[in-house]
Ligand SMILES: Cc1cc2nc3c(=O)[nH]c(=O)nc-3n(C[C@H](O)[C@H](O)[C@H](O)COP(=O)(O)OP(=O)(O)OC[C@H]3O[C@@H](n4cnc5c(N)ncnc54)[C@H](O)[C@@H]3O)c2cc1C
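Only one chain is shown below, in structure tokens, and it's the form predicted alone.
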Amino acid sequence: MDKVDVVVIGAGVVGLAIAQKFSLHHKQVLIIDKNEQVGQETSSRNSEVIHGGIYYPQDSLKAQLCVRGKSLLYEHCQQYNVPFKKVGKCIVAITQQEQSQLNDILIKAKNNGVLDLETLSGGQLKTLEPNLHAHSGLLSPSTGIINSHEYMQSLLWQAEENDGFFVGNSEFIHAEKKQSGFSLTIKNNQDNTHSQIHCDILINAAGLNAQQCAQNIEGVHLESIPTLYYCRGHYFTYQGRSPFQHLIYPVPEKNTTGLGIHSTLDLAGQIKFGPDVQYINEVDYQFPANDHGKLKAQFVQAIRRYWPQINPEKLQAGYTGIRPKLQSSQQAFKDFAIYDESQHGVAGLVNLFGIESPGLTSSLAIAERVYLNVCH
């Protein structure tokens, strides 16, 4: 049986960040993923936004790790030449009635240690973004955008420089707890063969599959595994030049499961809109063919509130992403769940559940937290 120090299940952005962190201190770190390449699911199907840490409840992991992660991420991008841009974000109250929500966001941001927000009147917004229709706003200058694929490659490169390695098409099947470490069964998805490997430390960062993986690790208290809800978000792209220079976020929807249909940019200046919130029963990345016209109409209606000049003919279906949420459509905020032995009863194991937005921004801070959980 082959032996390594650490196995990380899941080669998304969080799994790669964790692997990079452990590779600085352990001789051999193995990253496995059921897909062929790194970051083929949630990590490559998002807005690629570096978030400010504004919206989350005070003292939540999402607030703490987003603020810390943002700082670490900008440092990382500069050090390893990962493309990024601090474009800034305008959070806008479209009507006077939404002003109170804007005030609440400002207070929440300050409580989270986000002290760089600037209040904007309607006139100041019009100067900043002439095509934007809104009553007032907040400017978050530290919000940015990133090339998530190059970021993930930089993390993998660093892990490999420290003798870590990635093996794709490798599906985690089972883990048996030994007196020292774990014995893992891994399936090769190309030829359906199985292999065994031993590790001292096991990290479950499998994203949409984290709950299933946790159920297949002997000794894990089943009551420590939270219910998973698949939440699909659709993105529409827009042909032609962007009407905005900043990211545009209307005040969040009341249900707290999403931030509304906002406008984001990529590093090439291409504008896209989304995501919306659609709870689904299984992983399915397809745009709903039957309801495409209805879905587009909903997007147009939402966008037109802050950009009345939108030309619906230029709005085209882009892509979808699925968030591994821990709350149903009827439930309030649920935090990241980063569970160690004290929660699930197994030494040397960390399970990560519900790592959705702001997971990309928080990734390096999550890696710090996981490392401390195991190596305290």
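Note that residue numbering begins at 1 and tracks the sequence as displayed. Just so it is clear, the model here is predicted, and its values are computed rather than measured.
Separately, the form predicted together with the named molecule exists; it is not shown, and the next lines address it.
Run the contact test on 46, 170 and 322 with a 4.5 Å heavy atom cut-off to the named molecule in the model of the complex and return yes or no.
Each of the three qualifies.
With a 4.5 Å heavy atom cut-off, would you call residue 34 a contact of the named molecule in the model of the complex?
The answer is yes: residue 34 has a heavy atom within 4.5 Å of the named molecule.
Any chance residue 235 has a heavy atom within 4.5 Å of the named molecule in the model of the complex?
The answer is yes: residue 235 has a heavy atom within 4.5 Å of the named molecule.
Is residue 20 close enough to the named molecule in the model of the complex to count, meaning some heavy atom within 4.5 Å?
Close contact is absent here: in the model of the complex, residue 20 is far from the named molecule, nothing within 4.5 Å, heavy atoms only.
Residue 51: heavy atom within 4.5 Å of the named molecule in the model of the complex?
Within the cut-off, so yes.
Counting non-hydrogen atoms within 4.5 angstroms of the named molecule in the model of the complex, say which of 183, 154, 209, 278 makes the cut.
Checking each option against the named molecule in the model of the complex, the one that comes within 4.5 Å is 209.
Among 35-43, 309-317, 326-334, 340-348, which stretch has residues whose heavy atoms lie within 4.5 Å of the named molecule in the model of the complex?
Stretch 35-43 is the one.
Can you name the residues of 354-369 that have a heavy atom within 4.5 Å of the named molecule in the model of the complex?
If the 4.5 Å heavy-atom criterion is applied to the named molecule in the model of the complex, 354-369 yields 355, 356, 357, 358, 359, 360, 361.
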